[in-house]
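Let's start with one chain on its own, the form predicted alone, as structure tokens.
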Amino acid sequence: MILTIAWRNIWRNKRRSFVLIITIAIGSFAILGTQAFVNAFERQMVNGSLDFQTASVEIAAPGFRTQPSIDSFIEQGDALESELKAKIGLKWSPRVLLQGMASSPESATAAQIYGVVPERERSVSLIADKIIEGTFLTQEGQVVIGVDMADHLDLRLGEKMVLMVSGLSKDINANAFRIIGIFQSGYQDVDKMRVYVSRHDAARLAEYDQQLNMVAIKLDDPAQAEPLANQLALSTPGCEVLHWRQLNPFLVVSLESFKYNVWIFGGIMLTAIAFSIINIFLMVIFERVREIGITLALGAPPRVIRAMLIWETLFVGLLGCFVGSVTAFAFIHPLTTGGLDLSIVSEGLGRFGISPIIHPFVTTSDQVLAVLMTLGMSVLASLYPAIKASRFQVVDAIHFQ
């Protein structure tokens, strides 16, 4: 009976109910829309970091990540490679990482030299897919550079550049390489400083034999990185094994800040909804003072009055959440498949490794959480009017004008 009365009470003043439903729908839509864009930004930041900056898991010489040095290397690189080859399905790539100088007849700049095995590197990095001119490495004596470095050094495809490195003997080793490809990753530091050569070319510059500085491992599910890192740490003593959260703390902080921003924005929207509910339901109970008084006089306990108003709020909240969720789905779904072009702010997004084309999406848990938060706030907001109505004095309420 209470549910029936509560449902009918909603439609006694349709205009007011529609205003409240639309208010809740707007709040629900805003929360889901914000979460959809945050999800897109987070996914791109994580994937971009794993594809261009760090790998899912990295095995390196102790301290190499914090203080990269020519003297920091994995001594038994061939043994480590043999162990990784035995793990069927694991995507990994050995790397020789060197800090050096890249120069052309026009200029010179600092360079991060990545010595890689081309076919292996393709499995853990998307650099080969970001080539805008030429191709990726095919043989020794070739180099692939970023578009910003090419512009800075005034180099073009097919021209030669010189790479210089201080080797193990502390002598300066230099070699000329022909530019076979130019890439554009979207990361400014990568496009400006990184160059790719074959592993053997980098080893000659560093005066290495079978040594490695690092092995990069790529996983399809970033959540599995930490368990794999813990497992490899036990089987590779003498090496430092780090997962992507340890390798890129700035990214972790950025992801956390996104979550806090969503909670803050959601809190603002829910607070606005709460004040709307309180305001409207205070109007409702003062319109029904005599009705509530008569109900109490007929023997209805105060809890019935409270339950009736709370159920009215729940019904309105459910309708608002339904309208907001359907509207959000209609708005977000085309963007999930087709993408949204934010080229106008591409430079700012590029600093975080976010592509100008983003694909917002919401998960089932996002939808459930948004509904529960909205309904929860609606019920809390209705408590004050409901309690106030249940405390009316019967005689005063019946004679209220």
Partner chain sequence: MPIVLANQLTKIYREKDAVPVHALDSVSLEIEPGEFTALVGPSGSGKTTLLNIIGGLDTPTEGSVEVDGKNLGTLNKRELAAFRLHHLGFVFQAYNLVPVLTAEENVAFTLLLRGVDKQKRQNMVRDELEALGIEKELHRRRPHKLSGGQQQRVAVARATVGEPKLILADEPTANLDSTTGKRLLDKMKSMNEQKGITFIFSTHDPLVMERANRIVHLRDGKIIEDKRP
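Residue numbers count along the first chain shown, from 1. This one's a predicted model, so the numbers in the text were calculated from it and none came from an experiment.
Quick note: we don't show the form predicted in complex with the partner chain, though the next part is all about it.
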{"property": "Contact assignment for the partner chain in the predicted complex, among 323, 304, 131, 262, heavy atom within 4.5 Å", "result": "304"}
{"property": "Contact residue in the predicted complex, from 276, 295, 123, 254 (heavy atom within 4.5 Å of the partner chain)", "result": "295"}
{"property": "4.5 Å heavy atom contact, residue 12 and the partner chain in the predicted complex", "result": "yes"}
{"property": "Touches the partner chain in the predicted complex: residue 390 (any heavy atom, 4.5 Å)", "result": "yes"}
{"property": "4.5 Å heavy atom contact, residue 287 and the partner chain in the predicted complex", "result": "no"}
{"property": "4.5 Å heavy atom contact, residue 239 and the partner chain in the predicted complex", "result": "no"}
{"property": "Partner-proximal stretch of 153-161, 169-177, 101-109, 295-303 relative to the partner chain in the predicted complex, 4.5 angstroms, heavy atom", "result": "295-303"}
